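Encoded as structure tokens, the following chain is the form predicted alone, with no partner shown.
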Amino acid sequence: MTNSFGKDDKTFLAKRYSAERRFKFYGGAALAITTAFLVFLLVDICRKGVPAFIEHHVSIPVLIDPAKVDAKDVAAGDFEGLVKDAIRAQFPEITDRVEKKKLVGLLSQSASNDLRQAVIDNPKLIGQTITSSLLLSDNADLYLKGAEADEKIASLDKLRAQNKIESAFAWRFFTNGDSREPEQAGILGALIGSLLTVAIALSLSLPLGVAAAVYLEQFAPKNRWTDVIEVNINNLAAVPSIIFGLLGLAIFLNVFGLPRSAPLVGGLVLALLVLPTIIIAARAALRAVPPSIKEAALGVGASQQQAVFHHVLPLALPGIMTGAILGLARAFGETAPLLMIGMVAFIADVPHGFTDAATVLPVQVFLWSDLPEIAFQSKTAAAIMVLIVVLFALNAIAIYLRRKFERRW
């Protein structure tokens, strides 16, 4: 049997195979480079953020002097003076006024507040000398974590040599609101603000988005008017998010007079932002249901409404849920539209309602990144880590739901 391929054919095949190998190589190289950049980014964020989850305390005796703390009104006691006396007592050789001030500066301003709360919880401590774990300031904390310092802090080295320095997990990072003092700043206020804002956004955008998708896909007549609506929905999904912030500023704040920097307004803005995404995802899920299911329902006597809501919509629900969660993840990570409605303000208190002043986690990252204190750099990276974990979790839920309820037709 003779070979039907000529020399030109073999040359052509060799070139084609060579081109395919190059294409595979370029694709693999692009994937490797992308993965390397992603790993580098995540490692750098974790390297900078992990120290924020550790805080240092100094464990020293503190005399709860009855002359400074009245048992009848413990909260009004001079606990700041008590912690100052306690830290100075550890270094009786320091007599210079400036050095004493530096010594007191090793302690955080919240050290006295922690001591006050301990005595309020147990008033029997008044008159006793207790060993109290006092939070160190951000500068002292950075020094103990090995950060570069302008000068050696001998007093900290001495306390560490005496085993009076303790390290612990910084739970206050998750239980405190924002603060001007880095060692006291936490993300609880921003996290609650994010949850309240996203709750408003999802409660509005999900039912409206699903209803609009069902109407456009199953009930609306196919004419020029519906074509215009579909084009505008697709265009709105690609509009820069800051435009929705400007819309919220003009309508919700200036026209309706809603409270500035409130989760209610933020939720309304984010609802407008994710509504096109949910509509598009819901329509795609409805289209994925085979038409034969609807036709079979109509064939046994079901009405158009019954066929859609009893058969088509339940089968499309997993895809709709996936689209809603992805829209939720986008809303959770948005910053630009919320800056326009005032959610960039410094909010120290944790919000308790939809109309309380609040901020959100991405905006909190933005605020901390602009502060000059070095300790806030670590706080910023730690907040980014929390935000990434939340976004990864939402996307993982979407993937799980899609795989669990996905049906092959």
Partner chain sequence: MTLWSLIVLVALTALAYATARTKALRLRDTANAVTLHSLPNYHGYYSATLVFLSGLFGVITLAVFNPVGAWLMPAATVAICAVVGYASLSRIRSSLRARNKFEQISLYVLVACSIVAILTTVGIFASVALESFRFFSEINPFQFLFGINWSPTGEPASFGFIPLLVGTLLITTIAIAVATPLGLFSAIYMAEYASSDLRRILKPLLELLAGIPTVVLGFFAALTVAPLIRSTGESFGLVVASESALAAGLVMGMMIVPLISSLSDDIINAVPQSLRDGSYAMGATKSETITKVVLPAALPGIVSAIMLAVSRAIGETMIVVMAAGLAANLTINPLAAVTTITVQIASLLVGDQEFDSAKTLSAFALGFVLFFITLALNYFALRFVQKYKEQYD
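The term rigid core refers to the most C-alpha atoms you can superpose between the two forms while keeping them within 1.5 Å. Positions refer to the first chain, counted from 1. Predicted model, so just to flag it, every value in this text is computed and none were measured.
There is another form of this protein, the form predicted in complex with its partner chain, and it is not shown here; the text below is about that form.
- Residues M340, F366 and I388 are all found to lie within 4.5 Å of its partner chain in the predicted bound form, as judged by heavy atom distances.
- Shown alone, this chain has one stretch from 127 to 135, 83 to 91, 303 to 311, 185 to 193 that lies within 4.5 Å of its partner chain in the predicted bound form by heavy atoms: 303 to 311.
- In the predicted bound form, G27 approaches its partner chain with a heavy atom inside 4.5 Å.
- The closest heavy atom approach of L249 to its partner chain in the predicted bound form falls within 4.5 Å.
- Within 4.5 Å of some heavy atom of its partner chain in the predicted bound form lies at least one heavy atom of D44.
- Heavy atoms of Y143 never reach within 4.5 Å of its partner chain in the predicted bound form, leaving it off the interface.
- Checked against its partner chain in the predicted bound form, the candidates I120, A168, A71, L208 yield a single residue with a heavy atom inside 4.5 Å, and that residue is L208.
- Proximity to its partner chain in the predicted bound form, defined as a heavy atom within 4.5 Å, singles out one entry of L156, A284, L103, L236, which is L236.
- Of the residues in 20 to 36, those that come within 4.5 Å of its partner chain in the predicted bound form through at least one heavy atom are, in sequence order, E20, F23, K24, Y26, G27, G28, A30, L31, I33, T34, T35.
- With the core held fixed between the shown form and the other one, N395 has its Cα displaced by under 2 Å.
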